[in-house]
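Below sits a lone chain in structure tokens, taken as the form predicted on its own.
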């Protein structure tokens, strides 16, 4: 392996996030196991082992539901972004809670089995052709295996080692895990006593997850249509597509050729974009190959410097170069090919802040 393993880099936000998460999980389990039995039907007492089994199982299901809601919520409202940044810890803990649930299931149903409890779990019911008697345990096992794989590969090491496309495709299987869990609960409910509260919670959770994804899907489709309209309008007015934002490395430039004698250097720096002519006012040195320092570009030939926002050399020097207007539509950078008079200030485009 060529990718170095790095430990988790803890910071105050991650510690606070994990502390709140652990407290919430602990509080849920305490209420379910210690408080809720006081309100149960005394004519139908629930065994303590079954209660713990349900507590951890329902907790894992609700945690998985919340995980799937965090993504669309962060798209709808940026205030949910902190939850998104630390979602991997949430997933790892969910896999752990689900494993505890599975352990209680094995202990309750197969601890005294004459055969190996894992073999007994897989062989005790093979009626896959029936609905009412469907071995719903297999669906839970499938979900648990997926959660284990996702938890094991949630570290940045695997993101770097596998590459973003493969890693992301792998972690999209969380939706398959959720579907397995929902079916696991549904088929299990068909074979047990009716519980309208739990059935309602499961149904509401599924509706919530589907509803949020539907809303964000419509919002992103509308935004993409708006971006395409904006790009088309700008292009009709003579603007040119300079490329994708990701094509420009930080503190570097993308050089766009407008014609044989005119090239424009578009710089990405400090979360902003600015465009200037690629030719230095001194001896036409290639500014796009220069180094950005404190908002200024330094010509690689003779060290002449220019402020990227206005194309002016820092005082006491008086050289000036042309600047250009930019627009950022989505991730597409658009350039007004009409050069502004040398030294004209143009507000840099804020990446992620302006269209």
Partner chain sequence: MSWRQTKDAPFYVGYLNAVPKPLLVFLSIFAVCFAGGMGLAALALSSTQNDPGSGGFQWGNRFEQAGLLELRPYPVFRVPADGTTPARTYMLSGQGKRGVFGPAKANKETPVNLRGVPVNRGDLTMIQVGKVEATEDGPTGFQPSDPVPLGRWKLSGEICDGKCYAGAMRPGRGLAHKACADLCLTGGIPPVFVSTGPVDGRTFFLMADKNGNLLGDEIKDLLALYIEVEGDVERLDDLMVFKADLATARILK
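Note that the coordinates shown come from a computational prediction; the quantities given were computed from them, not determined experimentally. Residue numbers count along the first chain shown, from 1. Between two forms, the rigid core is the largest collection of C-alphas that superpose within 1.5 Å.
Below, we refer to the form predicted in complex with its partner chain, which is not included among the displayed structures.
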Selected contact from 170, 240, 201, 151, since only one has a non-hydrogen atom within 4.5 angstroms of its partner chain in the predicted bound form
201
Its partner chain isn't shown here, but in the predicted bound form which of 313, 328, 46, 309 has a heavy atom within 4.5 Å of it?
46
In the predicted bound form, segment of 74-82, 206-214, 140-148, 160-168 with a heavy atom within 4.5 Å of its partner chain
74-82
Is residue 176 part of the interface with its partner chain in the predicted bound form - any heavy atom within 4.5 Å?
no
In the predicted bound form, does residue 269 have a heavy atom within 4.5 Å of its partner chain?
no
Spell out, yes or no, whether the shortest heavy atom distance between residue 289 and its partner chain in the predicted bound form is within 4.5 Å.
yes
Can residue 320 be called a contact residue for its partner chain in the predicted bound form at 4.5 Å between heavy atoms?
no
Would you check whether its partner chain, in the predicted bound form, lies within 4.5 angstroms of a non-hydrogen atom from each of 31, 255 and 305?
yes
Within 4.5 Å of its partner chain in the predicted bound form, which residues of 99-124 have a heavy atom? Give them in sequence order, or say none.
108, 109, 110, 111, 112, 113, 114, 115, 120, 124
Does the distance between the two CA positions of residue 103 reach 2 Å or more between the shown form and the other one, the core being superposed?
no
Superposing on the rigid core, I want to see if residue 303 changes position between the shown form and the other one - specifically a Cα shift of 2 Å or more.
yes
After the core is overlaid between the shown form and the other one, has the C-alpha of residue 205 moved by 2 angstroms or more?
no
Specify closer or farther for residue 159 and residue 268: how their Cα atoms are spaced in the predicted bound form versus the shown form, given a shift of 3 angstroms or more.
farther
